[in-house]
Every structure is written in C-alpha cells, then in structure tokens.
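So this first bit is one chain, no partners, the form predicted on its own, shown in structure tokens.
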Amino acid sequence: MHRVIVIGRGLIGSAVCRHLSEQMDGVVLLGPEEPADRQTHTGVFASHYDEGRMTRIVDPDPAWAVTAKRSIERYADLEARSGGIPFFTNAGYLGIGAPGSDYLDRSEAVGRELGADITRLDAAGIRQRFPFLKVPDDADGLHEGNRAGHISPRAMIRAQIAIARQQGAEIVADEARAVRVTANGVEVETAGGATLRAEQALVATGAFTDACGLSPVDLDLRVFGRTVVLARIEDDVMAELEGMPTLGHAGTGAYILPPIRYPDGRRYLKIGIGTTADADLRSLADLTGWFKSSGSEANRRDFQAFLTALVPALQRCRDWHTDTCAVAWTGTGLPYIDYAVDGRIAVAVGGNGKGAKSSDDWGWLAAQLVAGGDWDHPVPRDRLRLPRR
C-alpha cells in the first residue's frame, strides 16, 4: 500500500508530489500525458498545455502575492535540481492601470511590503521604456523587474516530476475514474483498469474535479472556458518588440505574454481576456467539447483588435490563431486546500485564473496538510478551507 496518491499532474499536483516526496516514501503521482491529438483524444484535458504563464509578486491580494514570492524564490533551485530543465524567463511585468481604478495602488502597496522590485510609471515613462506600446496620456504603469516574467507550465511540470522521481516518487500515466474511502485508507480506480491503494489521496485535478466526481464533496467550482489568441511573430516584428515584458491590463483584465518559442519552433505572442460571454462548463462533455474546439471567433476578433491597438507592430503579423483553456473559480477567490474526508481524501483545487505563479507554494501547503506538518505560512489555514455546508 502506498502512503499518498496525488491525483492530477498539473502545476499544483506535480508540486504537491515533489514536496511530499521530500518528506516521505510511498508517494504516487497519477495523471495522463498531454494528448498527442486533441480531436481523437477520449479522456480528460488540462490547461497547462502551453508555453507561457505570467509570474510576478505584485497582486492586490496579499495571499496571492506572498505565495507567488515564495514560489519564485524556489525557481532557480527547481531548475538546478531537475538536471537543468529551464522554465522561467525573467522578462519583467508591466501592469497598466485604468482611470478611476485602484488596482495598481493596491498591487504596489502589497508588492512594497514584500520587497518586490517595482517602479511606478506615468504614460511618458511607459512610452520611453517600452516604445512599442501605444498608451493614452492618462495611462498609469507599475513595473516589476527582478524575478518577474513568465514560466513554461509544461517545462515547470517536467522539472517538478524529475525531482520527485529522484526522491522516489512513482509516476503513473493514467486517469483517475473513481476515488473511494476504504477501511484501511483509499482506493483509486484508473481508466486503464488498475486499482491503486494508499493511506490517503489528494485531488488536484483543476477544472475537471467536479465534472469527473473526484471529490467526495461537491466543490461547487465555477468553471469557464477561456479563448486565447496567439500571433506568430516573425523576425522583423521581433526586433521591434525587444525587451517586451508580460503585461496586465486593469481596464479589460487582459493578460499578455511576450513572444515565446513554442514546440513548432516558431514564436508567438499571446493574449487572454476573461469575458462575460465565456462558456460555462458544467459537465465532462462540456469540458472535453470546449478543449476540442477552437474557442470563440468573436473573442479572436475583439482580442486581435485590442492587441494591435496596444502594440501597433502586431498589425504586420499575418498569422493569428486561437487556443482554449479553462479556469476554475472557488467561492473564496483562493484555492481550496483542505480535507474533504478527514485523514483520507484532501483537495488542492482552484487556480482562480492565476494559479500558475503561486503553484509551487500551494503545492507546499497541500503537502504540509497531508503530511501532518506545521502550518507555518503567512496565509492562515482557515482561508483555504472548504465551505462548510
């Protein structure tokens, strides 16, 4: 019998496995590989099938900021201990404010409290530092330099798993179909027909958790499909975008990743914006159908228009395409990291649209919970508990 089965090979699940395997033997990480062909795939999907996620300390919520800081401080060690798997690019971050919004003020206050490397910029300062941006005269900017930028979620997961394997963790490339409490612990049935047994299980299956029935209690997650738009960046445009940071736009909620090299060898600049028209994904069929789709064509038109106005050089891009992901929102705005069945089944679920930057520290907290360690952390445990019904 194993000690703990971690269900879910995403950013949080792989982090839980690494942190747990530093403390105990008998840790198993269960989750499928990325599908080779989405259209013919018959199982679950995940939102980490990508090369770019924003990371930075500044955030108006101190809980998200401090967990990001603690995660970022481990990046170099993760890359080194994994055998040199690079996943972090120190491109910096620029938040662009909106008139009447206090988003940047709150972010700056939290960032300074945590010692972030930040500079406030007016419109002239933004244009001088980032001449490829076209911003209005009342624009306001907050720049974070040292250790802000973007991560490759695929590569970060590979690094987490490489270290977990070194520490004795077992990796099972399969899907969980059911999780049950037994007299001696838990059983997990897999899509491949195996039954895994352990003292405990931890469910970290993101947007698919409720739809797949993997938590013994309904987490009441709100899951939305999000369309992202990618512009292929050729060399002439690339030269103009030299030094581009990750961007957050307070007025629209847009997040923008600078040109990043993807597995096809080409570089793409990406934008995503949450909208009121985002697909509400409730069932497994809803989720799998969304990941097999090309997203919203209306989003593509709107996002492309917004992006080319903000970065005029992108008007020269000839190749634009969409991709899909899903975001899981909790009732608290923070992940749920708690026991669904005391001493048997725990959950670590709910990225709330920005889980990547803090994923390693959310994984640390989940590992502490399952291992019975001290909750020595700036975020109180009560803030991450499941709602009591």
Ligand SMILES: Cc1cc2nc3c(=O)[nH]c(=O)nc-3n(C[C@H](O)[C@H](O)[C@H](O)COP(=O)(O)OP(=O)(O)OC[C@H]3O[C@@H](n4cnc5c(N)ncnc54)[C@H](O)[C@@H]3O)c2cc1C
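Just count from 1 along the sequence shown to find any residue number. Source: prediction; values computed, not measured.
Beyond the structure shown, there is the form predicted together with the ligand, which is absent from this document and is the topic of what follows.
Answer with one of G97, G92, G206, P258: the residue that has a non-hydrogen atom within 4.5 Å of the ligand in the predicted bound form.
Filtering the options by heavy-atom distance leaves G206.
Considering the ligand in the predicted bound form, which of L334, C325, V341, V66 comes within 4.5 Å of it through any heavy atom?
So the residue touching the ligand in the predicted bound form, by this definition, is C325.
Given a 4.5 Å cut-off on heavy atoms, tell me which of 100-108, 298-306, 170-178, 119-127 is the interface stretch with the ligand in the predicted bound form.
Checking each option against the 4.5 Å cut-off leaves 170-178.
How about C212: is it within 4.5 Å of the ligand in the predicted bound form, going by heavy atoms?
Flag for C212 set to yes.
May I ask you to state whether I5 is within 4.5 Å of the ligand in the predicted bound form, using heavy atom distances?
Close contact is absent here: in the predicted bound form, I5 is far from the ligand, nothing within 4.5 Å, heavy atoms only.
Just to confirm, W364 within 4.5 Å of the ligand in the predicted bound form by heavy atoms?
Residue-level check for W364: no, no contact with the ligand.
is_contact(H19, the ligand) in the predicted bound form, heavy atom dist at most 4.5 Å:
Outside the cut-off, so no.
Heavy atom within 4.5 Å of the ligand in the predicted bound form: which residues of 15-52 meet that condition, in order?
The stretch 15-52, when checked against the ligand in the predicted bound form, contributes L30, G31, P32, V44, F45, A46, S47, H48, Y49 at the 4.5 Å heavy-atom cut-off.
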